[in-house]
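Given as structure tokens, the chain that follows is alone and in the form predicted on its own.
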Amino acid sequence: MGMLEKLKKALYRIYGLYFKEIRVLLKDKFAMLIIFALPVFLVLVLGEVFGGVGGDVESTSVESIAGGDTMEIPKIGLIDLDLSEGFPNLDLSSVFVNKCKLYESSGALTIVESNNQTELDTLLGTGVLNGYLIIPDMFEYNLSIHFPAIIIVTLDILDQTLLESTQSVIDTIIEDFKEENNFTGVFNYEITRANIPETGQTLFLGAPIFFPMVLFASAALTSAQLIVSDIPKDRMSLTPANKFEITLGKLLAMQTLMTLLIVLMLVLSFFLGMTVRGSVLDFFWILFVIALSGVTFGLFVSAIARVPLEALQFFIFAFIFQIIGVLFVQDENILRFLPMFDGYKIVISVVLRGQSPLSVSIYYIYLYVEFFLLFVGAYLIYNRKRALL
């Protein structure tokens, strides 16, 4: 028998196994609940259909944001436009700039000075800056006549990991300056939040965490049962269908359902007002890769587990480990091994900021490598297991 004939028969067997898995999954009500019902419900909640999560982001108070604690250092732009005079031998705008530099020398922030607001807006839009301050003209003069003086603060709302620390350090610098110069009653600052659309704000802001987490969890939780709970698989391995073909059939079937879920979630999200700056195709592809990573992780868990309960326990442990890692680990060299973190970084940069996928290619590479290693690992472990018959 020639190689081409063998390949045709192998593809025919994979085709049959694929549809067998599709039928099994569609008949599993619990699997359908996890794959479709729960993610769709969460999209509706984030879209505020049920009046749930969300609200007016612009109304967030300083007190609710300030006070965060993080090891990362925010990068803040600074423009001094004040040319006025009000106090003899005292340049208050320079005093404020020096106060900022004092905090920079202590390691609390990194300052990027500029005379061009458009330049800072560009840096803010690409994520280079986490925020910027503008000291407007007439700043010192208004203070000298006890007229309210305002410093303009613009924050990047997309990078939630540094939003709290950015707001906190700005708040601390301004409060320190006010108390040191006794300007408590006449000095304030107004906040503008950048990089946020007018509609679908909750879905937009939640996208970097919500979509990768839901897709990975749905894919991994369901596929974690595909090998360990499939009783007929041992009989199939005694037929011409080998374990590689069985594993590949399960992968393709599960990924097909996850692709349908991705399309459903995207259509529903855009219907509820979510907008993106990047390509919708790029958005679909990163979600597809994250789901693929979740499917192969679930298959790997299913291959090493002896019973379905053990597979569920492995999944819960790994999922919680990823959540803790994303929330508390600061070393990106470690975080890149977590699919949800890679998805988080890509969604922010490519989908929400509109940057080129090449700018975050390292995260794609980690996802592809994780997919390959997990699938090969799942097959090798499953292949070494003895059949129960």
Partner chain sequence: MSQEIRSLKERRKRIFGLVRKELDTLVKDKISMFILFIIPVIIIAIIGFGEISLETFGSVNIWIIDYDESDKSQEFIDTFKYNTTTDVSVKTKEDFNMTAKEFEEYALEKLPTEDLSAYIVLVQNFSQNLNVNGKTELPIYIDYIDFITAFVAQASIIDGTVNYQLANLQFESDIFYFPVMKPQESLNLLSSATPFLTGIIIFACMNLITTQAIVGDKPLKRLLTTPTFRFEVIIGKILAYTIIAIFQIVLILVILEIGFGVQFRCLFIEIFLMLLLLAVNSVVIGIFFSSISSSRLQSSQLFLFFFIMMLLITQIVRIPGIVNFLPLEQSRAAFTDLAFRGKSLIEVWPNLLNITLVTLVFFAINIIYFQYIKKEFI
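No experiment lies behind these values; they were computed from the predicted model shown. Rigid core here is just the name for the largest C-alpha set that superposes within 1.5 Å across the two forms. Positions refer to the first chain, counted from 1.
Quick note: we don't show the form predicted in complex with its partner chain, though the next part is all about it.
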property: Position in contact with its partner chain when the complex is considered in the predicted bound form, options 303, 157, 257, 251, heavy atoms within 4.5 Å; result: 157
property: Residue (of 313, 275, 242, 94) lying close to its partner chain in the predicted bound form, criterion heavy atoms within 4.5 Å; result: 313
property: Contact segment among 292 to 300, 264 to 272, 175 to 183, 99 to 107, judged by heavy atoms lying within 4.5 Å of its partner chain in the predicted bound form; result: 175 to 183
property: Site test, 189, 326 and 348 vs its partner chain in the predicted bound form, non-hydrogen atom cutoff 4.5 Å; result: yes
property: Residue 334, heavy atom within 4.5 angstroms of its partner chain in the predicted bound form; result: no
property: In the predicted bound form, residue 170 touching its partner chain (heavy atom, 4.5 Å); result: yes
property: 4.5 angstroms heavy atom contact with its partner chain in the predicted bound form for residue 309; result: yes
property: Proximity of residue 132 to its partner chain in the predicted bound form, heavy atoms at 4.5 Å; result: yes
property: Residues of stretch 201 to 220 in contact with its partner chain in the predicted bound form (4.5 Å, non-hydrogen atom); result: 204, 205, 209
property: Core-aligned C-alpha movement of residue 292 between the shown form and the other one, 2 Å or more; result: no
property: Exceeds or equals 2 Å, Cα of residue 305 between the shown form and the other one, core fit; result: no
property: Did residue 315 shift 2 Å or more between the shown form and the other one, C-alpha, core superposed; result: no
